[in-house]
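Given next, in structure tokens, is a single chain: the form predicted alone.
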């Protein structure tokens, strides 16, 4: 099926939207991609700051999908690096292997804590009396209560700002699939790659100058095949009637006037609640209420240039120390040497999780940098005196919140959206699914296939078994 002009519209130029425009273009279908930001790539942008390159968080290129792996290699060629992964947990001023390594973990914990943790684990395996439907219970049943408190509770509550017994076990089952203390011991002893869970992948691909390089290149190829990217435009309304999307209203971020764009077919990767709020006329009240209960956490990166050549060898570390709010630290030159203009300097991304509009979100950039560097100094990893410069990145609605009843609300919204014959949601935010960039790209590619070939891939369930988690 081919529709002329720009009447095939894609909202959002993140991984899903760019991949969708590429897949359409390869089959001769042009599209109009509407993006609110100046740059494309969504969370996979790479930011150039005085020659130093920063991701918005780290993004491994790691996929079980032949489609995605072939696409990465086709677009990047020799600029796609193979990186040996190193990421650890920082707790009590010590580094613990992550995923958890049996011998390293108990060596660092010491004899008394190790004995108590093993006893706690054995009790959990026998009793299995924790609620497996919650994140807390799911972890306790597989690791024991003491290891849960040390290695999972603090970091998870930093992300979600809610008790772990109010978080769905879907978060644990999805992000650390197949991992338990028993599996960690077996992996340490046998080193059997065939039985290694998806969480334990030891290497990944990475574009030499960051993930933004890949998505910019992919967008250029899509543009050669007819995709048109309209940047700095915000969708203010989506008109529909009788089960069809009719048009989208957009405005430029710097202008007051609106423009209405006719639509024959629509793909959207904007957050699902935003899509529901944009519909004209509005959906039934139960759908609006369900969408309002699908919440997101937002993200702040305090990016700094440090006057030290070596700080730690990891690509990233998780900060489980409960005395600081800092959640994770990216060390970008350990992803690729090309990320730093001066190899004697180090660039770090100090990552925080918050809710858009809260006091932390509203802090000035100057105060955020001061706060983050102060926390970094408290960990003992880097002294404030080594700071050269820094800047702040804020991104709203990044992490879908898997509260205990999110499935119920999501199903109400999905059932309503299924009525539209010329619409498909795509991507992490559009599907309200915490997924990696490769999965997001697959949703865009297969949504394009659904449109072009009149087939019925279930985008909501697509390829979950092909993800690498964590």
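Positions refer to the first chain, counted from 1. These figures come from a predicted structure and were not determined experimentally.
Separately, the form predicted in complex with a small molecule exists; it is not shown, and the next lines address it.
With the partner omitted here, the residue from 209, 240, 328, 88 that has a non-hydrogen atom within 4.5 angstroms of the small molecule in the predicted complex is 328. The stretch that touches the small molecule in the predicted complex, counting heavy atoms within 4.5 Å, is 263-271, out of 263-271, 108-116, 378-386, 360-368.
Among heavy atoms of residue 445, none comes within 4.5 Å of the small molecule in the predicted complex. The closest non-hydrogen atom of residue 31 lies beyond 4.5 Å of the small molecule in the predicted complex. In the predicted complex, at least one heavy atom of residue 299 sits within 4.5 Å of a heavy atom of the small molecule. Although the partner is absent here, residue 20 lies well away from the small molecule in the predicted complex, with no heavy atom inside 4.5 Å. Residues 43, 56 and 60 are all found to lie within 4.5 Å of the small molecule in the predicted complex, as judged by heavy atom distances.
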